[in-house]
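Just one chain follows, in the form predicted on its own, and it is written as structure tokens.
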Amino acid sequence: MHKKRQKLSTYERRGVSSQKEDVHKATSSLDKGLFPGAFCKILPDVLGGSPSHCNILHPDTAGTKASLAYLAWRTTGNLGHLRGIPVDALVMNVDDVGCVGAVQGILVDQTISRNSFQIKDEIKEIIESAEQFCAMLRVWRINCHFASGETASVPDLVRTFDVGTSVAVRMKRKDVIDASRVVPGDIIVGFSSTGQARWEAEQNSGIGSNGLTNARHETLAPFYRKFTQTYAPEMSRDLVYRGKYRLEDRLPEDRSFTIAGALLSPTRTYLPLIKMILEAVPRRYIHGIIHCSGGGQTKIRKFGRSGNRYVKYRPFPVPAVFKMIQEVSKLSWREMYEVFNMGWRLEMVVPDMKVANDIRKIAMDECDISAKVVGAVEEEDGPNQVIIETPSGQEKY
């Protein structure tokens, strides 16, 4: 008797997975580091040899947001769309290491792979943007430096361009935020991904750098199918650019954004906020910090002790960009919350309401970032579970 095959999500039919089960299976036997429950892998102090220190070497990219940026540049001529991708890739790294408490002494290495038939002189704009972002962090007293980089012309491998970033940090072991400390009774505080933080030059739609494969193909019209270098030729034709919008159209419910501006809105860095909170609140009161990136609002399920139920009973209102994606795509709200951040891309798990109120006040008063209690941790008889109140009702993961 054959086992019934599970139906693939729209995301998986496009060759992408929010949960990356195959990757996790492939890496399951690898060493988990000094703190297996931490958000990032923590290594011993390999080079310094200090028993009181540890090292982090962490890689990430901006994903298929680069393909969307290329499409927007080709159709609008705005180089700013290309310039944002190295910054997005860098933010995905620094916010990840920020989740373990690494907020100083950050070294950045970036590799740009390009199809040199598509990206030529524009490479200068792309290369410079990461250093400019590091300079902005230094203004906020975060010691971040661009150490090195590589630009590879590989048209046989890359259809447009891709940016990969790695960051290296050395920190004290006693300062590590270990998310395995998250237990029933804890409170989950969420920090908005929309609005304009004090270090941002413009309003943010909240999109981040996750779920862009679904976002662009569900949103953009078949007109863009002629840009064949922006999507995989193996993808079923009915999944390619099947939306109703042009990049220059206005975003429904928030006409301050074009569709291009909303989908390519810079991925917000929360690192200055994390630094301020860790300076004001003893680290023992921060049980976990979660970057709601791959896996969206279900990301937290991978962390904390076994037997946690994460109940998100008070989510942020759905931002306009996600309302638009859901409306045009008809994706279920269940899949939306599993792929996108849905309005808050950072969570902190704390032991009580006093700490929750303290960190909310820092976010709102010092950073202009909306923050609120979105949920709590409960006891679960079995594997970790996430429960989210969505516009269509309660969803369990």
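Note that the structure is a prediction, hence the values are computed from the model and not measured. In this text, residue numbers run from 1 along the sequence as written.
Below, we refer to the form predicted in complex with a further copy of the same chain, which is not included among the displayed structures.
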Candidate site R13, F146 and L157: all three near a further copy of the same chain in the model of the complex by heavy atom within 4.5 Å: yes
Pick from 320-328, 177-185, 158-166, 257-265: which stretch has non-hydrogen atoms within 4.5 Å of a further copy of the same chain in the model of the complex? 158-166
Given that the partner is absent here, does N115 sit within 4.5 Å of a further copy of the same chain in the model of the complex, heavy atoms only? yes
In the model of the complex, A66 touching a further copy of the same chain (heavy atom, 4.5 Å): yes
At the 4.5 Å heavy atom threshold, is F316 in contact with a further copy of the same chain in the model of the complex? no
Is there a heavy atom of M353 no more than 4.5 Å from a heavy atom of a further copy of the same chain in the model of the complex? no
Only one of D249, E200, D109, E253 comes within 4.5 Å of a further copy of the same chain in the model of the complex by heavy atoms, so just point that one out. D109
Heavy atom within 4.5 Å of a further copy of the same chain in the model of the complex: which of S192, S293, N308, T213? T213
Give, in sequence order, every residue of 45-73 that has a heavy atom within 4.5 Å of a further copy of the same chain in the model of the complex, or say none if there are no such residues. V46, L47, G48, N55, L57, H58, P59, D60, T61, G63, T64, A66, S67
